[in-house]
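The same protein chain appears twice below, in two forms, each given on its own as C-alpha coordinates and labelled structure 1 and structure 2.
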Structure 1
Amino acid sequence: MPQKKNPDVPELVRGKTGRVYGHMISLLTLMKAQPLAYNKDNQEDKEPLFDTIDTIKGSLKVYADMMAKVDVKKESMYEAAFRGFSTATDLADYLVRNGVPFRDAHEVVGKAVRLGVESRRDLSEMKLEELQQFSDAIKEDVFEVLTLEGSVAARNHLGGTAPQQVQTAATEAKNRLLK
(Lines of atoms letter the chains of each structure in order from A and count residues from 1; the text may use other names and numbers.)
(Lines give C-alpha, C1' and ligand atoms only; values in the text may rest on other atoms or scores of the structure.)
Protein backbone atom coordinates (compact mmCIF):
# COMPACT_ATOMS: atom_id res chain seq x y z
CA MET A 1 0.00 0.00 0.00
CA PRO A 2 1.55 3.38 -1.00
CA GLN A 3 2.35 5.73 1.82
CA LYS A 4 0.00 8.72 2.08
CA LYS A 5 1.57 12.18 1.79
CA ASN A 6 1.08 14.36 4.84
CA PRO A 7 1.11 18.07 3.98
CA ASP A 8 0.84 18.92 7.68
CA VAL A 9 4.38 17.79 8.59
CA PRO A 10 6.00 21.26 8.43
CA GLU A 11 3.18 22.75 10.49
CA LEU A 12 3.39 20.00 13.10
CA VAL A 13 7.15 20.38 13.39
CA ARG A 14 6.81 24.17 13.60
CA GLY A 15 4.44 23.60 16.52
CA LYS A 16 7.29 21.91 18.40
CA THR A 17 9.23 25.19 18.57
CA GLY A 18 7.10 26.41 21.49
CA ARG A 19 8.06 23.36 23.49
CA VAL A 20 11.77 23.77 22.65
CA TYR A 21 11.68 27.51 23.44
CA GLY A 22 10.02 26.71 26.75
CA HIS A 23 12.84 24.32 27.59
CA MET A 24 15.39 26.98 26.66
CA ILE A 25 13.77 29.51 29.01
CA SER A 26 13.72 26.87 31.74
CA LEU A 27 17.43 26.21 31.30
CA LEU A 28 18.32 29.91 31.13
CA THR A 29 16.39 30.55 34.32
CA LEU A 30 18.05 27.60 36.01
CA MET A 31 21.54 28.78 35.01
CA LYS A 32 20.90 32.43 35.91
CA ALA A 33 22.70 32.39 39.27
CA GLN A 34 25.46 29.93 38.39
CA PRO A 35 28.33 32.41 38.69
CA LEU A 36 27.44 32.90 42.37
CA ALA A 37 27.11 29.31 43.50
CA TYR A 38 26.68 25.75 42.38
CA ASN A 39 23.44 24.37 43.72
CA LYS A 40 21.69 21.06 43.45
CA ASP A 41 19.06 22.71 41.26
CA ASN A 42 21.18 21.74 38.24
CA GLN A 43 19.60 18.31 38.42
CA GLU A 44 16.59 20.00 36.82
CA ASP A 45 18.48 20.52 33.55
CA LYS A 46 18.15 16.89 32.41
CA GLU A 47 14.45 16.74 31.56
CA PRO A 48 14.35 19.83 29.28
CA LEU A 49 17.69 18.95 27.68
CA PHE A 50 16.84 15.33 26.86
CA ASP A 51 13.30 16.20 25.74
CA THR A 52 14.73 18.86 23.41
CA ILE A 53 17.17 16.34 21.92
CA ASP A 54 14.36 13.80 21.40
CA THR A 55 12.12 16.47 19.86
CA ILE A 56 14.81 17.62 17.43
CA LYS A 57 15.72 14.06 16.44
CA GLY A 58 12.07 13.23 15.77
CA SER A 59 11.54 16.43 13.82
CA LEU A 60 14.58 15.78 11.65
CA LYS A 61 13.41 12.24 10.95
CA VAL A 62 9.94 13.25 9.79
CA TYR A 63 11.46 16.06 7.69
CA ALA A 64 13.89 13.61 6.08
CA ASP A 65 10.99 11.25 5.31
CA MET A 66 8.92 14.14 3.93
CA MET A 67 11.70 15.60 1.77
CA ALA A 68 12.21 12.26 0.03
CA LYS A 69 8.64 12.53 -1.24
CA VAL A 70 8.59 16.23 -2.14
CA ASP A 71 7.66 16.93 -5.75
CA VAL A 72 9.46 20.15 -6.67
CA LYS A 73 7.67 22.29 -9.24
CA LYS A 74 10.49 24.54 -10.33
CA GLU A 75 8.40 26.78 -12.58
CA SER A 76 5.80 27.40 -9.87
CA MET A 77 8.51 28.14 -7.32
CA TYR A 78 10.23 30.56 -9.70
CA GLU A 79 7.00 32.42 -10.35
CA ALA A 80 6.10 32.54 -6.66
CA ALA A 81 9.54 33.95 -5.81
CA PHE A 82 8.80 36.96 -8.00
CA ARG A 83 5.65 37.87 -6.10
CA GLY A 84 6.03 40.39 -3.31
CA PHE A 85 8.84 42.49 -4.81
CA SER A 86 11.57 40.16 -3.59
CA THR A 87 14.23 42.18 -5.46
CA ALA A 88 13.35 45.50 -3.79
CA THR A 89 16.31 45.17 -1.41
CA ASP A 90 18.56 44.54 -4.39
CA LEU A 91 17.40 47.80 -5.95
CA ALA A 92 18.24 49.62 -2.71
CA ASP A 93 21.69 47.98 -2.61
CA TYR A 94 22.23 48.92 -6.26
CA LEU A 95 21.39 52.55 -5.53
CA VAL A 96 23.71 52.65 -2.52
CA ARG A 97 26.55 51.18 -4.61
CA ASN A 98 25.89 54.01 -7.08
CA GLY A 99 26.34 56.69 -4.43
CA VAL A 100 22.77 57.21 -3.22
CA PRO A 101 22.49 57.48 0.59
CA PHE A 102 20.48 54.58 2.01
CA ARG A 103 17.68 56.79 3.35
CA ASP A 104 17.18 58.17 -0.18
CA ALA A 105 17.51 54.72 -1.75
CA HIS A 106 14.81 53.48 0.61
CA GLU A 107 12.48 56.25 -0.56
CA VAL A 108 13.21 55.53 -4.24
CA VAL A 109 12.48 51.83 -3.76
CA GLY A 110 9.26 52.66 -1.95
CA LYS A 111 8.08 54.76 -4.88
CA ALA A 112 9.06 52.09 -7.40
CA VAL A 113 7.24 49.41 -5.42
CA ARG A 114 4.16 51.63 -5.15
CA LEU A 115 4.16 51.96 -8.96
CA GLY A 116 4.53 48.19 -9.23
CA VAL A 117 1.60 47.58 -6.91
CA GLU A 118 -0.58 50.07 -8.77
CA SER A 119 0.33 48.65 -12.18
CA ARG A 120 0.51 45.01 -11.00
CA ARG A 121 4.06 44.54 -12.22
CA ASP A 122 7.30 43.44 -10.68
CA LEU A 123 10.27 45.83 -10.65
CA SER A 124 11.94 43.78 -13.40
CA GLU A 125 8.89 44.25 -15.62
CA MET A 126 9.12 48.05 -15.57
CA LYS A 127 10.77 50.05 -18.29
CA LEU A 128 14.07 51.76 -17.58
CA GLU A 129 12.45 55.19 -17.99
CA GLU A 130 9.83 54.33 -15.38
CA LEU A 131 12.50 53.45 -12.82
CA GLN A 132 14.64 56.44 -13.75
CA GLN A 133 11.83 58.83 -12.83
CA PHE A 134 12.64 57.99 -9.21
CA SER A 135 16.44 58.36 -9.40
CA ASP A 136 19.11 59.45 -11.87
CA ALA A 137 21.41 56.79 -10.41
CA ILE A 138 19.40 54.06 -12.14
CA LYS A 139 21.09 52.94 -15.38
CA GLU A 140 20.63 50.10 -17.90
CA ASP A 141 22.55 47.67 -15.67
CA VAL A 142 19.82 47.83 -13.02
CA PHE A 143 18.07 44.88 -14.63
CA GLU A 144 21.06 42.66 -13.81
CA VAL A 145 20.18 43.00 -10.11
CA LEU A 146 16.41 42.81 -10.58
CA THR A 147 16.47 39.12 -11.49
CA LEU A 148 16.09 36.31 -9.00
CA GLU A 149 19.43 34.92 -10.09
CA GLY A 150 21.07 38.31 -9.57
CA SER A 151 19.43 38.66 -6.18
CA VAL A 152 20.63 35.26 -5.01
CA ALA A 153 24.15 35.77 -6.40
CA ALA A 154 24.46 39.18 -4.73
CA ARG A 155 24.60 37.54 -1.29
CA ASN A 156 28.13 36.20 -1.73
CA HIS A 157 29.25 36.21 1.91
CA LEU A 158 29.48 33.65 4.69
CA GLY A 159 26.01 32.20 5.14
CA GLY A 160 24.77 33.95 1.99
CA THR A 161 22.59 32.62 -0.80
CA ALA A 162 25.11 32.86 -3.63
CA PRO A 163 25.62 29.46 -5.29
CA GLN A 164 29.29 29.43 -4.23
CA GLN A 165 28.32 29.98 -0.57
CA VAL A 166 25.58 27.35 -0.66
CA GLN A 167 27.97 24.82 -2.19
CA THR A 168 30.62 25.59 0.44
CA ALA A 169 28.10 25.26 3.28
CA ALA A 170 26.73 22.00 1.88
CA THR A 171 30.23 20.55 1.52
CA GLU A 172 31.14 21.56 5.07
CA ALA A 173 27.92 20.06 6.45
CA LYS A 174 28.49 16.82 4.54
CA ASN A 175 32.06 16.62 5.82
CA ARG A 176 30.86 17.11 9.42
CA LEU A 177 28.31 14.34 8.99
CA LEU A 178 30.87 11.94 7.57
CA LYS A 179 33.31 12.40 10.47
Structure 2
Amino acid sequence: MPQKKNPDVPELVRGKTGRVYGHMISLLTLMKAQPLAYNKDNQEDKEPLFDTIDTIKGSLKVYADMMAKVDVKKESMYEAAFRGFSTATDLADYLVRNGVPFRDAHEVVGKAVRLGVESRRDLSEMKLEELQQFSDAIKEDVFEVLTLEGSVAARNHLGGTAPQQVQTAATEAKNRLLK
Protein backbone atom coordinates (compact mmCIF):
# COMPACT_ATOMS: atom_id res chain seq x y z
CA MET A 1 0.00 0.00 0.00
CA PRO A 2 1.81 3.08 -1.26
CA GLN A 3 0.21 5.48 1.21
CA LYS A 4 1.54 3.68 4.31
CA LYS A 5 4.70 4.06 6.35
CA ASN A 6 4.79 1.15 8.79
CA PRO A 7 6.56 1.38 12.17
CA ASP A 8 8.38 -1.90 11.55
CA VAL A 9 11.22 -1.34 14.01
CA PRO A 10 9.13 -0.76 17.16
CA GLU A 11 6.69 -3.48 16.15
CA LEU A 12 9.52 -5.96 15.77
CA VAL A 13 11.04 -4.98 19.11
CA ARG A 14 7.61 -5.47 20.68
CA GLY A 15 7.34 -8.84 18.97
CA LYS A 16 10.77 -9.97 20.13
CA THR A 17 9.81 -9.44 23.77
CA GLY A 18 8.04 -12.79 23.82
CA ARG A 19 11.09 -14.81 22.89
CA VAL A 20 13.13 -13.22 25.69
CA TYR A 21 10.40 -14.03 28.24
CA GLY A 22 10.41 -17.54 26.79
CA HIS A 23 14.14 -17.91 27.33
CA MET A 24 13.78 -16.89 30.97
CA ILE A 25 11.01 -19.43 31.50
CA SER A 26 12.96 -22.20 29.78
CA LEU A 27 15.98 -21.51 32.00
CA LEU A 28 13.89 -21.48 35.16
CA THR A 29 12.38 -24.77 34.08
CA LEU A 30 15.80 -26.14 33.14
CA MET A 31 17.07 -25.65 36.68
CA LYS A 32 14.02 -26.49 38.74
CA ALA A 33 14.48 -30.24 39.11
CA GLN A 34 18.23 -30.64 38.91
CA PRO A 35 19.83 -32.43 41.82
CA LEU A 36 23.36 -31.48 42.86
CA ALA A 37 25.75 -31.17 41.17
CA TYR A 38 26.43 -30.90 37.41
CA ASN A 39 24.03 -32.54 34.96
CA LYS A 40 24.09 -32.54 31.18
CA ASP A 41 20.82 -30.56 31.28
CA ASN A 42 22.96 -27.49 31.86
CA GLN A 43 24.20 -27.56 28.28
CA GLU A 44 20.74 -26.20 27.42
CA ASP A 45 21.55 -22.92 29.20
CA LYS A 46 23.56 -21.52 26.29
CA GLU A 47 21.20 -21.09 23.39
CA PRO A 48 18.56 -19.20 25.42
CA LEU A 49 21.32 -16.99 26.86
CA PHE A 50 22.96 -16.34 23.50
CA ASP A 51 19.69 -15.52 21.80
CA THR A 52 18.69 -13.23 24.67
CA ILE A 53 21.97 -11.36 24.32
CA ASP A 54 21.62 -11.07 20.52
CA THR A 55 18.01 -9.93 20.80
CA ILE A 56 18.54 -7.21 23.39
CA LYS A 57 21.74 -5.94 21.75
CA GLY A 58 19.92 -5.62 18.43
CA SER A 59 16.88 -3.99 20.02
CA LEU A 60 18.99 -1.49 21.97
CA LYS A 61 21.05 -0.58 18.92
CA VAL A 62 18.08 -0.02 16.67
CA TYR A 63 16.32 2.06 19.35
CA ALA A 64 19.39 4.17 20.13
CA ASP A 65 19.80 4.91 16.41
CA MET A 66 16.09 5.65 16.06
CA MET A 67 15.94 8.04 19.02
CA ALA A 68 18.72 10.14 17.51
CA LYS A 69 16.50 10.75 14.49
CA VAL A 70 13.10 11.43 16.06
CA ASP A 71 11.41 14.38 14.41
CA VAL A 72 8.56 15.76 16.48
CA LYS A 73 5.38 17.03 14.83
CA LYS A 74 4.69 19.75 17.36
CA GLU A 75 1.55 21.13 15.70
CA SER A 76 -0.17 17.73 15.49
CA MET A 77 0.57 16.94 19.13
CA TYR A 78 -0.54 20.38 20.25
CA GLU A 79 -3.77 20.00 18.31
CA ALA A 80 -4.39 16.54 19.81
CA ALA A 81 -3.89 17.91 23.32
CA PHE A 82 -6.11 20.88 22.57
CA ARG A 83 -8.99 18.76 21.30
CA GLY A 84 -9.40 16.48 24.28
CA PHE A 85 -10.61 18.92 27.00
CA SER A 86 -7.28 18.21 28.61
CA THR A 87 -7.42 21.31 30.80
CA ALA A 88 -10.65 20.23 32.51
CA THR A 89 -8.71 19.31 35.65
CA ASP A 90 -7.13 22.76 35.62
CA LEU A 91 -10.60 24.37 35.65
CA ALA A 92 -11.58 22.18 38.61
CA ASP A 93 -8.39 23.10 40.47
CA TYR A 94 -9.06 26.78 39.71
CA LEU A 95 -12.56 26.54 41.22
CA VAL A 96 -11.24 24.79 44.32
CA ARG A 97 -8.62 27.50 44.77
CA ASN A 98 -11.49 30.01 44.66
CA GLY A 99 -13.41 28.34 47.45
CA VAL A 100 -15.65 25.87 45.58
CA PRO A 101 -15.81 22.42 47.23
CA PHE A 102 -14.10 19.78 45.04
CA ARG A 103 -17.25 17.73 44.38
CA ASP A 104 -19.14 20.85 43.27
CA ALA A 105 -16.21 21.92 41.10
CA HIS A 106 -16.20 18.49 39.44
CA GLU A 107 -19.86 18.94 38.51
CA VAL A 108 -19.31 22.48 37.18
CA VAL A 109 -16.52 21.27 34.93
CA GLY A 110 -18.67 18.37 33.71
CA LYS A 111 -21.34 20.82 32.60
CA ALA A 112 -18.80 23.08 30.91
CA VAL A 113 -17.31 20.12 29.02
CA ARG A 114 -20.78 19.02 27.89
CA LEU A 115 -21.32 22.50 26.42
CA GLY A 116 -17.92 22.20 24.73
CA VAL A 117 -18.79 18.83 23.22
CA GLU A 118 -22.14 20.12 21.97
CA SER A 119 -20.70 23.31 20.47
CA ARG A 120 -17.42 21.67 19.37
CA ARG A 121 -15.21 24.09 21.28
CA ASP A 122 -12.46 23.79 23.85
CA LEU A 123 -13.00 25.36 27.29
CA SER A 124 -10.48 28.06 26.41
CA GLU A 125 -12.55 28.99 23.34
CA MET A 126 -15.69 29.85 25.38
CA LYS A 127 -16.75 33.31 26.45
CA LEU A 128 -16.39 34.27 30.11
CA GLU A 129 -20.18 34.67 30.44
CA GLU A 130 -20.75 31.16 29.10
CA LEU A 131 -18.47 29.68 31.75
CA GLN A 132 -19.92 31.87 34.49
CA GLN A 133 -23.40 30.37 33.98
CA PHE A 134 -22.01 27.21 35.67
CA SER A 135 -20.29 29.00 38.58
CA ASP A 136 -19.90 32.59 39.64
CA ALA A 137 -16.49 31.72 41.08
CA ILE A 138 -15.16 31.90 37.52
CA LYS A 139 -13.43 35.22 36.73
CA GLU A 140 -11.47 36.66 33.81
CA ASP A 141 -8.22 35.09 35.04
CA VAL A 142 -9.63 31.61 34.36
CA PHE A 143 -8.21 31.71 30.85
CA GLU A 144 -4.68 31.69 32.24
CA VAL A 145 -5.21 28.15 33.52
CA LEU A 146 -7.22 26.94 30.54
CA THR A 147 -4.36 27.23 28.06
CA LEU A 148 -2.19 24.18 27.48
CA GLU A 149 0.94 26.19 28.26
CA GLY A 150 -0.55 27.37 31.56
CA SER A 151 -1.63 23.86 32.43
CA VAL A 152 1.81 22.27 32.03
CA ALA A 153 3.68 25.21 33.57
CA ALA A 154 1.52 24.96 36.70
CA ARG A 155 2.81 21.45 37.48
CA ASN A 156 6.12 22.82 38.56
CA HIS A 157 7.45 20.49 41.22
CA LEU A 158 9.87 17.57 41.39
CA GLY A 159 8.58 14.89 39.03
CA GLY A 160 6.04 17.23 37.39
CA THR A 161 5.57 17.96 33.70
CA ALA A 162 6.43 21.71 33.68
CA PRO A 163 9.08 22.60 31.06
CA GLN A 164 11.30 24.02 33.80
CA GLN A 165 11.12 20.72 35.71
CA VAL A 166 11.88 18.76 32.53
CA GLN A 167 15.07 20.75 32.03
CA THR A 168 16.15 20.09 35.61
CA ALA A 169 15.21 16.40 35.35
CA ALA A 170 17.14 16.01 32.09
CA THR A 171 20.27 17.50 33.65
CA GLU A 172 19.90 15.18 36.62
CA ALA A 173 19.36 12.19 34.33
CA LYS A 174 22.53 13.03 32.42
CA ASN A 175 24.51 13.22 35.66
CA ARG A 176 23.24 9.79 36.70
CA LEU A 177 24.29 8.35 33.32
CA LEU A 178 27.87 9.48 33.89
CA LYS A 179 28.09 7.64 37.20
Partner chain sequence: MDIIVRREAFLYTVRNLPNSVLHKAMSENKTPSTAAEKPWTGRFTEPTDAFVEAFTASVEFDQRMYKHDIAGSRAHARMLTHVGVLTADECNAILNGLDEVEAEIHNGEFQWSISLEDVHMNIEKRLTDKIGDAGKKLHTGRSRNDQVATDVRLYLRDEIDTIAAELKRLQGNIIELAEREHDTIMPGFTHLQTAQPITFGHHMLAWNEMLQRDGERLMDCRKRVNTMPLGSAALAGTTYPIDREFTAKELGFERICQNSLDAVSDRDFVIEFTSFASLLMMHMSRFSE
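Numbers follow structure 1, counted from its first residue as 1. We call the rigid core the largest set of C-alpha positions that still match within 1.5 Å between the two forms. What you see is a predicted model; the values in this text were computed from it and never measured.
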Requested in this report: Would you check which of the pair is the form predicted on its own?
Outcome: 1
Report task. State in degrees the rotation separating the positions of the smaller rigid part between structures 1 and 2, with the larger part superposed on its C-alpha atoms. Result -> 25
Query - Rigid-core-superposed Cα shift at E47 between structures 1 and 2, Å - result: 13.1
